[in-house]
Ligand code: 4AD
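Read the single chain below, which is given as structure tokens and is the form predicted on its own.
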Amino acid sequence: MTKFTSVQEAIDKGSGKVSLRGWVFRERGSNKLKFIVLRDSSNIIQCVIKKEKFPEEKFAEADKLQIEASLEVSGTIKEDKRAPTGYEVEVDDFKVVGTCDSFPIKADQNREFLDDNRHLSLRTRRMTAILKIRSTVFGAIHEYFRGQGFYEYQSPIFQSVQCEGGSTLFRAEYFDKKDVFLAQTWQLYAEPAIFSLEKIYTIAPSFRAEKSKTSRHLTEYWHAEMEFAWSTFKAIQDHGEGLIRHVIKKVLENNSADLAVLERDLAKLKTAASKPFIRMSYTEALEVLKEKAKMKIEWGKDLRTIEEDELSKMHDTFIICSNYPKDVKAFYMMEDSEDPSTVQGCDFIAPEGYGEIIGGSQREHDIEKLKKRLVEMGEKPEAYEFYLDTRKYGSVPHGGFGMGVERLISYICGLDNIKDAIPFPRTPLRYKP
């Protein structure tokens, strides 16, 4: 049987006989030559089919090839600086595997058309590069947490309680039950497990029924979350910084060619991966915004995208903003002992205007304070009985965070729209293909 290599493996070999298979990325020719730029998941390479080497009908078959037809080629690879990637294959034999007529994806098509045809636009070199980086990101997240002694743990997608705000819940048809929702986060079902495993993490889909149509929001996204017992607020922030640094370094190590396809500025990523994150309190952030951006924000209001973007412009690395007002944060966040009007919660704001990447906190373990906060939010504490039980039986200090994986991918890739950070984006207006 023919032994096929990837395009990149053939380029690395540099000379001799090779057999490749892939799809037509570009094609041109004359009545004597057919130039095919073949692509596979690893790279592209120019292949030359000479009429003199083939019967008339065989060359005619090659001459009819269009973009995205699939084929197998065998021949001799040699260096050629004029070729797109510096190497060329002189074809001795080829086999058309799948024909293609008038592939609809072309350069400079509008966003709506590309999203309508996402099942085809995934084939572009740009999307291929993004998806390869995405794979590295997921692997690096697992590697970081396992390297830190965390166990992988899953919580249910169907949930009976809300965690991040009732207005953003997706209700699910669950037989005859009405109060069932798609998970906004694993957190309420993760906290019980820290009394067993102590240090846990997950990467799982989360769902937010936000009607936001910005370039930063998805209704279905992948959530990297962690929770651990005996935590301190500082340790939570340290893990967030360690995770982001580790992921960026892994992408720089493994995906330099993909970042080049995306024309990403590597210097900016290297700075963010090596420079200590900026840490400031919410109150300090308001002071900085007032002084440097001439933005006067009333204390007690949550930071909006516009304020986060202004802060991000001031630094070339991530900002960890902490100690937000209690009234704008979730019920489970612990009050700060030195200032009970604030909580030990933090947001990680990415450079270059990419917004919040991580949200985390030390969790409140005083059961009466939790009940009070639930009532203030209009929730029924009895619906959270399973969660409150964890505070009755040997509770300990604990905390964690959640990271929007697509937001980190968007930053790393330098994307204009988060929809390109996931294979099939879901938004208020898009649920197919």
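This one's a predicted model, so the numbers in the text were calculated from it and none came from an experiment. For every residue, the number given is its place in the sequence shown, counted from 1.
As for the form predicted together with this ligand, it is not shown, yet the points below apply to it.
Heavy atoms within 4.5 Å of this ligand in the predicted bound form are found in exactly one of 259 to 267, 350 to 358, 107 to 115, 336 to 344, that being 350 to 358. In the predicted bound form, this ligand sits within 4.5 Å of a heavy atom of Arg407. Trp186 belongs to the set of residues with a heavy atom inside 4.5 Å of this ligand in the predicted bound form.
This ligand is not drawn, but in the predicted bound form it has no heavy atom within 4.5 Å of His246.
At the 4.5 Å threshold, heavy atoms of Glu198 stay clear of this ligand in the predicted bound form, well away from it. Interface residue among Arg134, His217, Lys250, Lys326, judged by heavy atoms within 4.5 Å of this ligand in the predicted bound form: His217. Note on the partner interface in the predicted bound form: the residue among Ile418, Val24, Ile11, Leu20 having a heavy atom within 4.5 angstroms of this ligand is Ile418. Scanning 261 to 278 for heavy atoms within 4.5 Å of this ligand in the predicted bound form gives no residues at all.
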